[in-house]
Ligand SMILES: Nc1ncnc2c1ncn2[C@@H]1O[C@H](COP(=O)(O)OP(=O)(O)O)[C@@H](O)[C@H]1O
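Take a look at this single chain in structure tokens; it is the form predicted on its own.
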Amino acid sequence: MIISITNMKGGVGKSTITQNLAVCFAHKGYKTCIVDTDYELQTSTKWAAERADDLTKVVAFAVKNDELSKRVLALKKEFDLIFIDGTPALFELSTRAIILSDLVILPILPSIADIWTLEKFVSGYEEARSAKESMGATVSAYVLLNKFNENLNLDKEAIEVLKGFDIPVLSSTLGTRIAYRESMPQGRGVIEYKDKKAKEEMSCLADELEKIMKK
């Protein structure tokens, strides 16, 4: 299965979420890898290089725009799950990733700026989904709220606004936790780290996605 974590907007946590989901599913017994589409920064590729040998194996590959389709299809023969770490720079690349994918996760922050960007993304997603359906395949998308605070009315109001979109919102949310920043330089996921709340919320997200994948 191919899962894209993508959004036109930067700073929403795509790489962090990609890395942590890859770790969660690796611990569940899936053979996982990350395709890092940000060829200049290669955040996920550098993160994977920092993983210690005694940690559950997760590998990452930096892939150029024009090589994405060919590389992903080749990796599909070797891995159970391929996570595409999207870049906000090229919408063309996001469209290609969506067409390749079985599942798309759209991380956003609970802010009006992110919701405005999501509005633009949805139209492009619908076009990509139609293109995939014309090839006899399907893709599903879900919104994931990142850096969400359930105690803030503005954040709760964001959920109500998002219900007006055709793309469903995942029940799982991720909070603002230092563990995500601390674990990254060590090449770890938060489930391999010391913050119990971060472990719990990331595990809940992985469990919810696994149920969606098995439908």
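In case it trips you up, residue 1 is the first one in the sequence shown, and so on. Only a predicted model underlies this, so the values are computations on that prediction, with no experimental measurement involved.
Beyond what is shown, the protein has a form predicted together with the ligand; the following relates to that form.
The single contact residue among R181, K163, K64, K70, judged by any heavy atom lying within 4.5 Å of the ligand in the predicted bound form, is R181.
The stretch among 153 to 161, 53 to 61, 25 to 33, 173 to 181 whose residues place heavy atoms within 4.5 Å of the ligand in the predicted bound form is 173 to 181. Although the partner is absent here, K147 is a contact residue: one of its heavy atoms lies within 4.5 angstroms of the ligand in the predicted bound form. At the 4.5 Å threshold, heavy atoms of L21 stay clear of the ligand in the predicted bound form, well away from it. For the stretch 15 to 49, the set of residues having any non-hydrogen atom within 4.5 angstroms of the ligand in the predicted bound form comprises S15, T16, in sequence order.
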